[in-house]
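Form predicted alone, single chain, as structure tokens, below.
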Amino acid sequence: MSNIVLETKGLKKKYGKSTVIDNFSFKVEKGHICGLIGPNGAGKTTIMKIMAGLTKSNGGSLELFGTGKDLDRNRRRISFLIENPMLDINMSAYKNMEYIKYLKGIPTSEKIDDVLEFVGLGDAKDKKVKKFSLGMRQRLAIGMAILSKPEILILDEPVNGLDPEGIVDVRKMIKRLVHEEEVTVLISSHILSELSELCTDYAIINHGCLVESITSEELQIKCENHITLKTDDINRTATILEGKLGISKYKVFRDEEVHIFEKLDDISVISRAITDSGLTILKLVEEGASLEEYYLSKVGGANV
């Protein structure tokens, strides 16, 4: 049985002659926290609106829980928090939760108190939202989103504008939802550092196109200081690294690049061993970057 709970295939969206989303394909696995990363205007919110049924795509497909059928029915298993949260600032936190309960047809009010406690608003449930800080409003919005116990939670820039303490609070909530409630999360941001301690996977998007899909582990490896090597024969390259050079700390990536994490001062020795074996070197360079630098190298710093 597939663990893929959300998948887009060749998704496209145009507004007039302007292409906002272009051939966007990616997958989200059950129980993962996937970060949709890209500059402002990259198309993140539009993708989420297509998932929520708030706008239609001009091409491609969307599959929820392994099927492209019955999307409206399957959307009921998902909660979306896109753009500004819909809060009535003249009502209390509890009344806002109660309103959502009626809208979604949730049969009991008992869990409202439980959810308010979960998001850290148990003591403020009777306080009017207009007196809430931005962080408290964001926690309430997340509480309203999880009241129906969704299987997938889709959050659009949930920490935008929050102070560092508020960002940490939202991170902790999301982690608890995943670990305690087994919720799958898709979360968007234009700042990689906000999500670097949270996500298991990333989809980097720019100008409506998928730039790279990468796991957190792969991202950390790519940012570690290393020698990047690419040749015309990846299998023979691995043999040379191990047999001739005694290198064991290396990793082969899907694009057939090799990252070498030892003998960083011996790049000339590595080069000579590869060429002496009759292979053609396509790339050989020492690299390493912070998570932010890696992200900017993918989307272009001038666009951020």
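Numbers for residues come from their place in the sequence shown, where the first is 1. Predicted, not measured: the structure shown is a model, and the values here were computed from it.
Below, we turn to the form predicted in complex with adenosine-5'-triphosphate (ATP), even though it does not appear here.
- Interface membership of residue 20, defined by any non-hydrogen atom within 4.5 Å of adenosine-5'-triphosphate (ATP) in the predicted bound form, is confirmed.
- Though the partner is left out of this view, residue 45 does reach within 4.5 Å of adenosine-5'-triphosphate (ATP) in the predicted bound form, counting heavy atoms only.
- Put simply, residue 40 is close to adenosine-5'-triphosphate (ATP) in the predicted bound form: some heavy atom of it is within 4.5 Å.
- adenosine-5'-triphosphate (ATP) in the predicted bound form is not approached by residue 171, whose heavy atoms all lie more than 4.5 angstroms from it.
- With adenosine-5'-triphosphate (ATP) omitted here, the record of contacts in the predicted bound form names 32-40 of 256-264, 271-279, 59-67, 32-40, defined by a heavy atom within 4.5 Å.
- Between the options 190, 222, 75, 95, the residue in contact with adenosine-5'-triphosphate (ATP) in the predicted bound form by a heavy atom within 4.5 angstroms is 190.
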